[in-house]
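Shown below, as structure tokens, is a lone chain in the form predicted on its own; questions about how it binds or moves come after it.
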Amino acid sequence: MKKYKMMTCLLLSVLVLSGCESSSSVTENTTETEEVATDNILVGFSQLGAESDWRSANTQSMKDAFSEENGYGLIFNDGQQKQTNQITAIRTFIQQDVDYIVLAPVTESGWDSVLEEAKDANIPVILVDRLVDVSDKSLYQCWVGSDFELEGIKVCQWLHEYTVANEISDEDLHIVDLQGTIGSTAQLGRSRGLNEVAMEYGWDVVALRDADFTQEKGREVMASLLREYDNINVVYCENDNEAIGAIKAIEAAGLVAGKDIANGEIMVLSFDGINEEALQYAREGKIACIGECNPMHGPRVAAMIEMLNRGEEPEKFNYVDEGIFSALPDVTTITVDGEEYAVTAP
């Protein structure tokens, strides 16, 4: 751990306490050069953006974990969904001589060069939420996040069990997938989960559309799909914000978001379980099932940094535990690869 830090790092740590800063604000505040002594562990955290309630909860978890009270200094950067902003932030962290870089990457590809620069500077990189596709896995120390493909399979298995319980045939399912940010780990995993189960049961996946994990894009895309197709009865939304937007589009079209797909209602499936409006929709049955995605990564990342400081090696991949939520009584448990998961109330 370095003993001396640039004054600009301390100034930026204070800025973190007042909320999310843009990439440009980090750059604009890197002109001071006075050195001060500090025993705190200095962490540079590049968050991909603030596109969803899950992302906001994830950011807050990191800020809480890397507080001065816990022995840290934090330089926070909001990438605003742009990889170029995140790459600039990482290079700034390297110049500021941070002890650790924590990265939540917007997409998986395009990180080799900048992570090589961090490795050359002997700064360990810890990934959160999403992975990176790099040829040299030593460019990052470890990763903390969700098994997104398993999340998708669990929600789809719930759908299968629901159709069995209600005597709905597989060929009667007509599904659209509102995908998240294309190329992100969450999108890739959840899309694979749907594809795998749909192929197993012969479901009709009518269309896949990018809804970018946002409510407004979810509404726009769903409205367009309803104009294009007249047989949609299941909407697989890759996060809660998209699901809220999809429900608003369904209702604006004079249709009903609900469980009775045999009689014209459209079933909405979702992921995250953080947004209170989405949870209320789940209690009402407008969202039939939510695959939990746990955003509280801060304490886990802090524990890994403490391990590294002690000279210990954390596991390369660290998955968080997650459940599955539904207010419908039809399915109480699901089984995936021989493991049983309880379906609980939202």
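Throughout, we count residues from 1 along the sequence that is shown. What you see is a predicted model; the values in this text were computed from it and never measured.
Keep in mind that the form predicted together with a small molecule is not shown, yet the notes after this line are about it.
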To verify the annotation, which of these, Ser61, Asn40, Asn318, Ser52, has a non-hydrogen atom within 4.5 Å of the small molecule in the predicted complex?
Ser52
Answer key, the small molecule contact in the predicted complex at 4.5 Å (heavy atoms) among Tyr100, Phe76, Tyr236, Phe213: the residue is Phe213
Triple contact flag Lys154, Asp177 and Leu269 to the small molecule in the predicted complex, non-hydrogen atom at 4.5 angstroms
no
Partner-facing stretch of 219-227, 123-131, 108-116, 86-94, counted where any non-hydrogen atom is within 4.5 angstroms of the small molecule in the predicted complex
123-131
Could you confirm whether Phe148 comes within 4.5 Å of the small molecule in the predicted complex, counting heavy atoms only?
yes
Determine whether any heavy atom of Cys293 comes within 4.5 Å of a heavy atom of the small molecule in the predicted complex, and answer yes or no.
yes
Is Ala186 close enough to touch the small molecule in the predicted complex, meaning at least one heavy atom pair within 4.5 Å?
yes
